[in-house]
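What follows is one chain in structure tokens, specifically the form predicted on its own.
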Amino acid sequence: MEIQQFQEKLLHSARNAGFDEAEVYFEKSSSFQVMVFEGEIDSYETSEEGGVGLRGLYDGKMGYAYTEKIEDDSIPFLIDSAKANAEVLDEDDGADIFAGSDRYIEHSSYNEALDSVPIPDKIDFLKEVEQKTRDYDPRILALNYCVLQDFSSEKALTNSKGLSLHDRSNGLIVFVSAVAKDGEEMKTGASVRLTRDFQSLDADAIAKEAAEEALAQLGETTVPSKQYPVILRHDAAASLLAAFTPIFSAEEAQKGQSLLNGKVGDVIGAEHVTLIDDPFHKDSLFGGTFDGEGVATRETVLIAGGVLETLLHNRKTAKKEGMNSTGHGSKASYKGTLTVSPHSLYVAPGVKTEMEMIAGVPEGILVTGLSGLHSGTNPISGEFSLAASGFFIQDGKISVPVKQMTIAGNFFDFLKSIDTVGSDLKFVPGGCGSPSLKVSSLSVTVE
């Protein structure tokens, strides 16, 4: 059955069953992933999933139900399940169905040419990347990972108030991790590419980046453990930002789970720190023209010149504060209930290159990688203690790779201590982006 026809039949049946208003949310996604090892396919996966979720106001309470089966027999099941769900709610949570925004920005996050690239071409490209990485230097021992993944998704939202929306998106990620060996010492380096343009991928550039990063880590040494000026390279900075995105959710703030509750209008960062969520950024693979409630999305400035301008809201959190949704009502899938999350959150870039930032540091640390982001961060307190890899900076130049370090601090203090923002904005898989960031002081412990 065509999804539009199914949505209309389900809405009609919901009204006849006593729902005051209702919404049908459809989502379908597919993905392909291949990993190669020594010129052969090591793993190959394809997946496709999808379904519909019904959200409806019944007897003053919002009920939910979902199914993977888009067929006539699913309609009574969805209606009965949503009714039962509404009836067990203790009280009316104030939720309702959205009639629609005044304007939706025309934007496409879908490249038809990407979906038309034959799978054998993608596999051949990945094999080429692996071979070029292995051949780059005799010290490249192996590749931990050589993976290509592409994905596409489609969503459609229709409700009883006449709103009908549709969106598509796709993207491709290449991840390569190389192992370099010199004597008994082994180090790894990685390269990541996010794109919607398969033809833009350069096997030589990917191989060079992964190999050179691994080789650069050889010859590690120790440096004194103390407070240092620290530059977080763009990917490390974006990973740290991603770990702390919950603090910008109004839902978390209203639950008392974010220290930014009641801080709108306050200075929470350095004056040159601007934080933006942009669902249409050309370098991100995530976003769309409407959120999980059908609210039009738009660029949202959370921090401007260090001042907290807004938190991220869905309609429920916005209503509690007498304001409009920022378009960040989120559903993890058609099965999910509404929460709050960003689309493509990033720190606005400055003007200095990474090398210019390094040149301004007499003695410090360049962090190129972070690990333990789930266990080593506390979004409520802002505290973090993370394993890090990187280099010692001496007299404005990269000196030597440093043995495994631990960097520790508080994210709220981190935002205020950023004294330089780089020009090298990059996004990481997951949707967050950042240029390189220099902080005046951070605790660094070296093993």
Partner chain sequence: MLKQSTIEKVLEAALSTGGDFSEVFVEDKFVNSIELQSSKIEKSMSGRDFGIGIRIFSGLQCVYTYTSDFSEASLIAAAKRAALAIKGGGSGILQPLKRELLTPIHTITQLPNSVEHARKAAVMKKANEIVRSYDTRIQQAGIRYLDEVQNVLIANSEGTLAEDQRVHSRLVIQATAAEGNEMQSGFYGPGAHAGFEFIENLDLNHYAGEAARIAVTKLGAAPCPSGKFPVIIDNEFGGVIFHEACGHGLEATSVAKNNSVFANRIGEKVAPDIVTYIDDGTLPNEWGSLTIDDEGEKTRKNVLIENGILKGYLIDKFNARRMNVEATGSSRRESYRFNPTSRMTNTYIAPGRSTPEEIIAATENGIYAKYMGGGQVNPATGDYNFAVEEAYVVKDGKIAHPVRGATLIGNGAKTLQKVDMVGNNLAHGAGMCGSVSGSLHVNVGQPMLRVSEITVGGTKGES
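Here, rigid core means the biggest group of C-alpha atoms that superpose within 1.5 Å across both forms. Since this is a predicted model, take the numbers as computed values, not measurements. Numbering follows the first chain given and starts at 1.
Another form exists, predicted in complex with its partner chain; not displayed. Remarks below refer to it.
Residue heavy atoms within 4.5 Å of its partner chain in the predicted bound form occur in exactly one stretch of 302-310, 349-357, 184-192, 105-113, and that stretch is 184-192. Residue contact check for Phe151: none of its heavy atoms lie within 4.5 Å of its partner chain in the predicted bound form. Using a 4.5 angstroms limit between non-hydrogen atoms, Ser375 touches its partner chain in the predicted bound form. Taking the partner from the other structure, its partner chain in the predicted bound form has a heavy atom within 4.5 Å of a heavy atom of Lys255. Contact annotation for Ile398: none of its heavy atoms lies within 4.5 Å of its partner chain in the predicted bound form. Only one of Phe244, Phe280, Phe198, Tyr334 comes within 4.5 Å of its partner chain in the predicted bound form through a heavy atom, and that residue is Tyr334. Checked against its partner chain in the predicted bound form, the candidates Thr274, Asn85, Ser344, Asn170 yield a single residue with a heavy atom inside 4.5 Å, and that residue is Asn85. Judged against its partner chain in the predicted bound form with a 4.5 angstroms heavy atom cut-off, the residues Glu49, Tyr64 and Thr445 are in contact without exception. In the predicted bound form, Asn144, Tyr145 are the residues of 138-169 with at least one heavy atom within 4.5 Å of its partner chain, listed from first to last. Comparing the forms between this form and the one not shown, the C-alpha position of Glu38 differs by less than 2 angstroms, with the core used for superposition. Remark: with the core as the superposition reference, the CA shift of Glu383 between this form and the one not shown stays below 2 Å. Residue displacement note: Asp413 has its CA displaced by under 2 Å between this form and the one not shown (rigid core superposed).
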